[in-house]
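Consider the single chain below, provided in structure tokens and representing the form predicted alone.
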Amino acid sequence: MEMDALTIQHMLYALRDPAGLPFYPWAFFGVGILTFAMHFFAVTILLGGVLVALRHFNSPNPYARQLAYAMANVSKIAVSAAIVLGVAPLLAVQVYYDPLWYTSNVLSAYWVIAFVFILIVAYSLHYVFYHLNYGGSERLKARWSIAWALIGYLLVGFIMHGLSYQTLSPDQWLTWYAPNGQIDNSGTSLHDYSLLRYSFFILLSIPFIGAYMMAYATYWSSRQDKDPAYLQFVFQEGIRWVMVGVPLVTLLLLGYFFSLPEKWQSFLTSPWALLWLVGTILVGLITLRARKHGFQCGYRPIIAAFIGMLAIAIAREMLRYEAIIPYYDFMDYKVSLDLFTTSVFGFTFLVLGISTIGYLLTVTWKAGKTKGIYQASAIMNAWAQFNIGLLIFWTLGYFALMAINSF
């Protein structure tokens, strides 16, 4: 049971928020792409770190075991980053694709709710591994906990993939909601997915964690108290993961492209498909050069990985746009310009956010480079005081402006 394009179009436009958007659609579109790239970059480090930990869990090589413990801890931190960074792209999609996203959620409501609980369990199991191996040991313990955590992460990833993929086929919604004319409002099914696409995004963690390991080894190479043989092992291991992962994900991407439904075939001849492919292989191309120069070029692959992720995020969003454009175009969304709230958001994100996060990252970077206790410089202390004042100013100003704007 399918609806014609015109009926679907009328339905989707009727489901729009009549209040419109507080700012121009292209701005939300750009924020969605950028924050998705940041979010999924953290996801690849999370999954890749767990894979490295499982691969070298109890290796006879002490360097491999040390690397397994280090990457397990990195992945634990990456979970937090992935969750925090995942809020923004989700909110952005809910703004400009609200009829499609909410319909998909209703069709699979059971899995939307299950997502939260599965993620909590997976994260808790990750901490079980961390707690039982705190400080490192000759033989790591509780492999089962991090393995089950990985299964949980893969499951929540598949749920989010399914929910997103269902938005691409509004012509199938009625069939999913009322198969054979019988209404099914249980919400227990994920109705559409692509194993090739899902596998591509999941296994992208292999080359990306390889690039991360190269950067990890390069970062610590300036510390004289670090074992250079261990760092060389990590660097070479990173190269191996990149060079194995890039061909694998490239084949998966090509397989996905050629499995696209006929209605999306035009995407294959668009520049966005080429951009997706370039984003996939970029980290491999840069690694080919970096492996010849060692630590001197160790940061370039991780930078290339993020640029590649940004390219993939753009191409992914353009595929969604082209798939939905016969029925819905978010660019003609009504705009009820609200410069007040937009300005508050802009200041929060561009001034407060960049300054405070920049400070924290800089302190972390410098502290890791310092043997013993890190002593902040006068500039860093001044930056810290500035951020404290900025946060106080933002808090007082926010509530004052809200009070004024309410009258």
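Just so it is clear, the structure is predicted and the values come from calculations on it, not from any experiment. In case it trips you up, residue 1 is the first one in the sequence shown, and so on.
Here the subject shifts to the form predicted together with a small molecule, a form of this protein not shown in this document.
- When contacts are judged by a 4.5 Å heavy atom cut-off, Phe40 counts as touching the small molecule in the model of the complex.
- Though the partner is left out of this view, Arg291 does not reach within 4.5 Å of the small molecule in the model of the complex, counting heavy atoms only.
- Not displayed here, the small molecule is kept clear of Ala229 by more than 4.5 Å at the level of heavy atoms in the model of the complex.
- With a 4.5 Å cutoff on heavy atoms, Ile83 counts as touching the small molecule in the model of the complex.
- Stretch-level contact analysis of 314 to 322, 205 to 213, 181 to 189, 126 to 134 against the small molecule in the model of the complex, using heavy atoms and a 4.5 Å limit, identifies 314 to 322.
- Taking Ile120, Ile113, Val87, Leu337 one by one, only a single residue has any non-hydrogen atom within 4.5 Å of the small molecule in the model of the complex, and it is Val87.
- For the residues Tyr177, Trp101, Tyr299, Phe306, the 4.5 Å heavy atom test against the small molecule in the model of the complex is passed only by Trp101.
- For the three marked residues, Leu282, Gly284 and Thr287, no heavy atom of any sits within 4.5 Å of the small molecule in the model of the complex.
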